[in-house]
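Same chain, two forms, each on its own as structure tokens: structure 1, then structure 2.
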Structure 1
């Protein structure tokens, strides 16, 4: 008797994003550790060939390229119907998707169509004698809840960066198989896709983030934050919710439970107190450097390097130490 697989689902609207694919694969392998099952991936869209091949090479797991004829965008109502029909034939035990606007919408739709359980924003996987327990944030990130699903099929969205750095790559070549479906439009149709400006589109993929919090005190000090980010290759500027609420940074720059969830290799928190909502958004960060003049700031409990100093004193020194930016 074959074991029901764990299926990773990716939309081919964008090229394969390595960090997102790795995050889903690492979560799948965490589930398989407690409940052994084969891991597969499906890349669905109007032209999934390039993204499917990239995913297979990058993850080293079997991939199905699901080509959906007459599909203009995964935002179409037809996308979920075709995907559900394909997954119903595969009969997976787990369906993993990104915890994005599209991922959360599709997860709910797939759960209804497949009579499956739906758990969103999963940050951790654990196992016990009774089975698998998934951990997710609740009450605006103030608490963590353990969720156990008893349905035969579970649709899960995985928080961005929650499993960052945990994927063990293999040299085993992966196959790409082909499947086809046809979009039968009805009820909802994509009209237009408006691309965010490049400066606002890459927080989730940034290698380094310099984030400003309430402790910067005034908007002019964002110039120091920007100057520091300019000295670090691949760095982007972000902010906590109070900074964005004041209009000092756009909401597309917000990190936290109501903003972006990020997993950079380096996260520099400038004047951030360490509220649980913000910590939930940066939980996947690698090296965390916290700069705050309050020695009791909660952020220091989550920092690898803690600097107790006023920003206006320390940041100019750090910027100078980084040297001149090369053209």
Structure 2
């Protein structure tokens, strides 16, 4: 009997397809190291051939271009239906997708249609005698859980960038097959896409960022964050999602997967817990300083300098110390 494959799923319209493909392929290889299986990809969309060719050359694995008739966008209901049909015929052991809004929704749908496990936001893969354990963040990143699938088919979404950089490139001729499918939209029709508002240029170019999290507690405390930023040359103020949700800072200052990706030389996280959705936007920063009153906060695992203090006591002292001479 042939070994059930690991199947990477990509949407041909994904603007970050190359990075996503590498991340998924690296995750697939990590799984295959522990439990050998052939790795293949499917690139699905209205007109997937070019993207499928690129992916096959880039990853050096067999790729199927799955053409979906009358598809306006991967967000249309037909996408999941055609994909489920296709995957049912392939009978893969693993289906890997990016951990995006689209990927997480499809994961649930495919898991039901394929009687599979559904494991989202996977950050690492480990093997043991009994098989494979996938690691994912829980409780806002305070803990990582090892999850074992008990179903024979597993649909997995892979946290963006979690496996990047571990791919060994191979130079093989592109192996592209072709498949076609059609389905009704199943009550979900895509209407339009709205592009992101222009990113705040100030953040992506800032040399330093002082970021406010939910821990600031009240909007007036933003003044402390601003006062600290004013002491640091070239510093900008940013925020986590809850701070921007409340309108305490504009959306253009939100850092994270649904906001801006920043890489300043200095990032000071004030009252930020360290959820992976936030970390994804600032992990490229140079020096990371975290100030948080919870000694167990996840952010301390991702900071160079850890300050366990309450902001309302610490920030005024810090601002004052900025203006003082050293002994």
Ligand SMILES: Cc1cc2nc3c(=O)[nH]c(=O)nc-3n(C[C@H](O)[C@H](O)[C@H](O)COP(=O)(O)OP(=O)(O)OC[C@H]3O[C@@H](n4cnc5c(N)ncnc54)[C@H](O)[C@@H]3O)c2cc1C
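Residue numbers count along the first chain shown, from 1. Superpose the two forms; the largest set of C-alphas matching within 1.5 Å is the rigid core. Model, not experiment: these values are computed from the prediction.
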Selected structure - the one that is the form predicted on its own
1
Aligned on the rigid core, do the two forms place the Cα of residue 236 2 Å or more apart, comparing between structure 1 and structure 2?
yes
Superposing on the rigid core, is the Cα displacement of residue 251 between structure 1 and structure 2 2 Å or more?
yes
Threshold 2 Å Cα movement between structure 1 and structure 2 for residue 156, core superposed:
no
In Å, how far apart are the CA positions of residue 306 between structure 1 and structure 2 with the rigid core superposed?
11.1
Superpose the two forms on the rigid core, then give the C-alpha shift of residue 211 between structure 1 and structure 2 in Å.
7.9
